[in-house]
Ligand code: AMP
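As a starting point, one isolated chain is supplied in structure tokens, in the form predicted on its own.
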């Protein structure tokens, strides 16, 4: 299992994903065709596929949930709850900003993983991340001076989250981008289950969450993309039912300037892209929110410390891919992987 798997292209259907994708959903054609709906939301391509229902209103309900959560969590929509929080518009006379239930729950999860990772995952990265643009036409690195001026406002321990809301010091900016899609995927799964759906895939730009298994009881197949290769090339194909697969990697959002390679995973301690031996980290977990947070945290921590964190957590599997395209598996890796000759 721990040998590097061959690149596999079995006769299956690939779900085409956006430029922010690190994992690929793969499934066999079945006589009972699923229903599916895609849209550009959360700054990526969102695709919901349902296998055991023909009720297209459920698909539309999933997309509406994406819109509702984006209106709360987006750092770039001026009137979102997060934007208003960062602007100080929500603060009451005691300094505490009351939050909606979803935003309160999202930030509680975010700060839990900040503590767990000793700050490798940090939602207060906003003052620094706002200096970077990895998707625009004029991508370039901010100056060292600008980053250093923003760094004092990065640090999750400066923030106090209470039952009444959040106490956010002036200048500290929340950026929930590294956890929001995972949180939303889990909420969409809850909605699908409430609608009686027991077989579906939720793909939020590469954050893949499987609801149950395929209608015939067989698992879904999730491909982990080979870094810097064509999106149809996979380093591993996982068999998944009722679990989440989330990857963070350096090979989708990046640019080069003056001969220097810059990728989008920022180190909260330096404000610049992480410099380590990794190309990607893939987390297999029961919930997407933990996969989202841990994939980022472990990438920031690097291979040794990241693997140490994963190995301390029950029920989590991980694949780390280094810059030589070697695959490293967490201890006791239990997720089924298809044989290389399948």
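These numbers were taken from a predicted model, which means no experiment stands behind them. Positions refer to the first chain, counted from 1.
Separately, the form predicted in complex with adenosine monophosphate exists; it is not shown, and the next lines address it.
Could you work out which of 99, 178, 236, 168 is the residue within 4.5 angstroms of adenosine monophosphate in the predicted bound form, going by heavy atoms?
Of the candidates 99, 178, 236, 168, 178 is the one lying within 4.5 Å of adenosine monophosphate in the predicted bound form.
State the residue from 58, 278, 300, 316 whose non-hydrogen atoms include one within 4.5 Å of adenosine monophosphate in the predicted bound form.
It is 300 that has a heavy atom within 4.5 Å of the partner.
Is there a heavy atom of residue 85 lying 4.5 Å or less from a heavy atom of adenosine monophosphate in the predicted bound form?
No, no contact at 4.5 Å.
Is residue 252 part of the interface with adenosine monophosphate in the predicted bound form - any heavy atom within 4.5 Å?
Taking the distances in the predicted bound form, the answer for residue 252 is yes, it comes within 4.5 Å of adenosine monophosphate.
So, residue 212 and adenosine monophosphate: in the predicted bound form, are they within 4.5 Å at any heavy atom pair?
Taking the distances in the predicted bound form, the answer for residue 212 is no, it never comes within 4.5 Å of adenosine monophosphate.
Flag residue 248 as yes or no: does it have a non-hydrogen atom within 4.5 angstroms of any non-hydrogen atom of adenosine monophosphate in the predicted bound form?
Yes, residue 248 sits close enough to adenosine monophosphate in the predicted bound form that at least one of its heavy atoms falls within 4.5 Å.
For the chain seen here without its partner, which of 185-193, 85-93, 119-127, 254-262 has a heavy atom within 4.5 Å of adenosine monophosphate in the predicted bound form?
Comparing against adenosine monophosphate in the predicted bound form, the contact stretch is 119-127.
Using a 4.5 Å cut-off on heavy atoms, what residues in 269-306 are near adenosine monophosphate in the predicted bound form?
292, 296, 300, in sequence order.
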